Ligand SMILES: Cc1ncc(C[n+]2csc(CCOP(=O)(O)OP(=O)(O)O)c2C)c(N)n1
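The chain below stands alone, shown as structure tokens; this is the form predicted alone.
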């Protein structure tokens, strides 16, 4: 069979397909979206975007209860949302394989925290596999379904940003049949699947026994392998850290772990007995290091390598030099003389900002004008916190903005205040706190920045876009209808690029003493691609007041000491022209 270059996410999708997955669900969160975007293209696979990660796991669990192999995928913080479902499926087990992909994000490339989800495997008492490159991502995902069915457990597969987005060679295999096998009648087993306390108490001993059986099975699994080299230094590692360590210590001995929970304790002890010194190289928390110490294996890890951020070979090499690691004379000499990767050329600072023509800018400019306290959320609009707008004052997690704003309101804060949330995030986690506001007689103004798509993670559809993951037309759920349905009486829809109308509506809502909601609706400019003729500045009319620069739009620049518009960047939204009091900004004819 041929070989193909694949990213880790593509390989996970391919492995799931080879593993005969039939149902898959996810909420798009970087670095994980490409898993479902690829999986939906395979024949015989039903895949969907779910409103949030808990729903995705529940959907996958239902399919597995019914006898279909199923998968759910998410980024690391998504597993926080799905934790309830992970824990109940650990107790219930299922009829067919259930695999949950968690994609961690060391260095927080697109996340609000660094979080090591290996702890979830231990916490929920489920097995976790961790691939080191794309071929393993394929193999481990495929294997995870077999483990799930053999041990009646959900299986976590952990990727990280570097694995998810890096490409390497994958061996193609014979495709499975796309035909869905006929299901037997649904197995009704309340004692196993109804987790009331009496039944859950019966299941707990089974879960503990299962962990022991898994640990014994993992001892003989070839994805946990000892690679003997110079016995002076033995390195225990997993995931992408294995690649970095292999590059820096080519002569060392390695215990390469493919299963990070439960650990193959006997294999670890065997490896430790064959080397003089054990060093653990792992990103984020000292998860493996602590477990090795608990079983009596002396080792070094976080005293040498950082607990923060993402590793690379240069960082591992520099830390190893400072830590005095020795793996034989040849390796010592190589480590001492090998140059660190060259630093990238010094580039001018490029602070993140909203895209040219982004409609979120209009709403934030108005909120800045009214000096409102803006309780924010996760999405492109979080960039409203950046200068020069400086119009976002909190950002916690998906859906937090509305509940936080309600708390600020109930605390008696007299400032003008609003909650800002995106359309996809509204469907993800915004509806329960919206109900809380109206139920508990709050007076919060909620602004939903509806750009008609899940923009930040690559333009995935959601329940308000009118399309499924497979791009099939479906119901277009209107946010304003949802708000009215849960009890909001004061609801308005506005185009945030209409400055005058937006300012008037925001003012009216801020002065109201009742709960209210504004839908600020305008398509994402990068998704809609609705570009108009650019704008220009008349130097004779411009008095260089600088008001236009306060919106933070990249095409507005200074050239030859005067304000100008870079017409290669301008998409013709015209918002800057609306706020120019001297009418110095006009559209190119």
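The structure presented is a predicted model; accordingly, all values stated were derived computationally and were not measured. Numbering follows the first chain given and starts at 1.
A second form of this protein, the form predicted together with this ligand, is not displayed here; the remarks below concern that form.
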Select from the listed residues 422, 127, 239, 384 the one whose heavy atoms reach within 4.5 Å of this ligand in the model of the complex. 422
Position in contact with this ligand when the complex is considered in the model of the complex, options 319, 265, 81, 486, heavy atoms within 4.5 Å: 81
Heavy atoms within 4.5 Å of this ligand in the model of the complex: which of the stretches 141-149, 513-521, 447-455, 430-438 has them? 447-455
Even though the partner isn't displayed, in the model of the complex is residue 378 close enough to this ligand, meaning a heavy atom within 4.5 Å? yes
Although this ligand is absent from this view, report whether residue 278 comes within 4.5 Å of it in the model of the complex, heavy atoms only. no
How about residue 112: is it within 4.5 Å of this ligand in the model of the complex, going by heavy atoms? yes
Looking at the partner-bound form in the model of the complex, is residue 244 within 4.5 Å of this ligand by any heavy atom? no
Heavy atom within 4.5 Å of this ligand in the model of the complex: which residues of 41-74 qualify? 53
